[in-house]
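Shown below, as structure tokens, is a lone chain in the form predicted alone; questions about how it binds or moves come after it.
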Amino acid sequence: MFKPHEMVKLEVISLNRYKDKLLTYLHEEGVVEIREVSVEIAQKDTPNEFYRKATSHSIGLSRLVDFLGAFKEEAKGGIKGFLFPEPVPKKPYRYRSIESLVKEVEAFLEEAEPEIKEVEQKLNSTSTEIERIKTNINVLELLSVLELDVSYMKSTKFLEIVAGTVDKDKFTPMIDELKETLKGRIAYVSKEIRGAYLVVIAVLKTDYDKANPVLAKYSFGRIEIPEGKGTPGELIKEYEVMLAEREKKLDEIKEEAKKLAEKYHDTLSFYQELMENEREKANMLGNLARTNMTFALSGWTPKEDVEKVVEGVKRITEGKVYINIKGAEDDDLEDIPIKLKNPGWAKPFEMITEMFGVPKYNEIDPTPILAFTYSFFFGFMLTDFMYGLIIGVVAAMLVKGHKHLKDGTYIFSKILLWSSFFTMLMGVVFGSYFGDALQRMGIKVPYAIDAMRGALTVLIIALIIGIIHLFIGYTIGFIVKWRNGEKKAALTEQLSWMLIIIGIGMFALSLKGITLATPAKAIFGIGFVLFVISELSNGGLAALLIISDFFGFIGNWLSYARLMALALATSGIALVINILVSMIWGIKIGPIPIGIAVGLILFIGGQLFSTAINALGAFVHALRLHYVEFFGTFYSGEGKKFEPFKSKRNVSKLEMEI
């Protein structure tokens, strides 16, 4: 806790014949972040023929899976499916080598791919034909206003006939210019439609090259005339018959595709996942070095996993391996990957820390503090027992339903679960149960603070919480800098603000009758002097930055007033809903108490909306108070997150032959 996992550097040299299985073992274990080996007397490794085939098959399989996925019958979802998703069974695969896996995939594709591609081709061609028929029908509907035989709109041996549309204001100038250019050798029919003109123009083929620039000049939109004879109305009927036939054929092809999806989709997904993991292994080969007989890899792993990894490597390579384990050194600080280490209750909050950035190896992990303060801030801003209860119930169901997945929803729901506890706690403190709903029902509710009537008190509490939060941040920054040998920075950049905050606190106590004014001035003065010393390093800008940074600190402190603002917003919205419900509750139409029905709908819908919108606000603003104000006092978040070489297994489970 407060420090990430201790990391060690792992260096391995072994024979080339063990490379594939060793990479597979490390990929499945997922505890080593492989780094590029510095090449001097060796050369970079490259994928062999089978790894290249795996990459190619991964892309091809993905396309087939996407095609059949559109026709795969999925399990029903809905709210139940979201809250309690069914676990996806994982099919085992006995891994022998990349070569045997690729050959197995190719044998399967020889059977499945031709069938799928045949149906895909028929589907695409039929769909294209349907679109063409629909386009022709639309064109014929447009041409129907002219009441001409469609065959008359087709070019002949001596005539070039074009149909199209032109803007209303351009029609007359275009016709006049065509007549002038072609010396009257032009015939046309036209009809005004929706602010434009539909025109069919006939010119001699020898004159077409002269007419074409004029048509382009006036933005003449050409229309391709459909094939056929008869009036547009007659042809539309023929095309509609053709359309019905093609759509029936398309439905039959889709049924074929559904059968193929039932037959092949799951197996394709299984092999696609296997190939995708082999593709990742192929991409990782560039980080390895090799000679004709040996290869070398290097990476970082948590110290607690070293024994397991070393044992596995020796087992894979039958002991024919050189392994070197090195602890982290000062020169490695910028290069060491960070894996956060926290107890179970704080672990979900690593998500929030990682969203900002992980700490450097010599920094403190703020997650344990954030786990408490984030949940507390969320609860303070939402501050309603019933809202917290609703969120807690939903979060508990999501935790239970997603426990087997351990996905992002599961982690986030655990954060909400903790936050809902503090929301209910603060709801009791403020006496808020759907706002003042219980009070309006005549139920006496005990409370410590009335948020609406005691807004000033809530503001003072928020600012006290804020100054304590900032003090914790500066204290952590002082510890980190002092421990890392940055003693001057610890004194001037961190201790200065700690003393200023202590001085402010003592001044505040002096206002309550406690005689601390003299020591408060001394402590505040020392802190301010240290602060000024830190700013003097900025040279000519020192005076300006002293003012800017000091008032920046004041601004950060006042930012915690949002705790009060959102607490009041929650109470205010709930109060408005309750007032509206009370106004319509007694309305009756004859003997029918319609106000009760409408009031219940308004109350339930309004309070659920208030829960959602205020919870969103509490979530965002609690993040801001940590990312901007709190982290700004000590935390950089510039570490490199530990990204192990790890397989992704959703539908497959690898079993290695060793």
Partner chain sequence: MGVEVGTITAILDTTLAIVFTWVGYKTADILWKYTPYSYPNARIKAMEARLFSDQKFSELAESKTLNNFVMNLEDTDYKPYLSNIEGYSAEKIDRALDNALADMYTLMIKILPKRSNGFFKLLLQEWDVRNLAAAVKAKIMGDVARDYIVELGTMVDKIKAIAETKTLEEILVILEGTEYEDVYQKLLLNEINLEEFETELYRIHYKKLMSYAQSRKGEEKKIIEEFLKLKIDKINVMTILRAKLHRMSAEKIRPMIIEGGSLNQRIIDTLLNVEDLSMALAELDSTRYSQVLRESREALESGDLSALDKSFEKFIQEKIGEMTRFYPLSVAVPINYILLKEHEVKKLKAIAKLIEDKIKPESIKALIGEAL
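Computed from a predicted model, the values in this text were never measured in an experiment. Residue numbers count along the first chain shown, from 1.
The form predicted together with the partner chain exists for this protein as well; it is not shown, and the discussion that follows is about that form.
- Task: Verify the flagged residues R63, K217 and R279 against the partner chain in the predicted complex: is each one within 4.5 Å by a non-hydrogen atom?
- Result: Heavy-atom distance to the partner chain in the predicted complex: all three under 4.5 Å.
Given that the partner is absent here, does D335 sit within 4.5 Å of the partner chain in the predicted complex, heavy atoms only?
D335: no, not in contact with the partner chain in the predicted complex.
message = I'd like to know if G442 sits close to the partner chain in the predicted complex, meaning any non-hydrogen atom pair within 4.5 angstroms.
response = Contact with the partner chain, no.
Review point. Does any heavy atom of A597 come within 4.5 Å of a heavy atom of the partner chain in the predicted complex?
Key: So A597 does not count as contacting the partner chain.
**Study point:** Distance check, E227 to the partner chain in the predicted complex, heavy atom within 4.5 Å
**Key:** Judged by the heavy-atom cut-off of 4.5 Å, E227 is well away from the partner chain in the predicted complex.
Original post:
If you check T291, S510, N212, N362 against the partner chain in the predicted complex, which one has a heavy atom within 4.5 Å?
Top reply: Contact residue from the list: N212.
**Prompt:** Exactly one of E318, E99, D407, E177 has a non-hydrogen atom within 4.5 Å of the partner chain in the predicted complex; which residue is it?
**Reply:** Filtering the options by heavy-atom distance leaves E177.
Item to check | Stretch in contact, per heavy atom within 4.5 angstroms of the partner chain in the predicted complex, of 388-396, 119-127, 306-314, 465-473 | outcome: In the other structure, the partner sits against 119-127.
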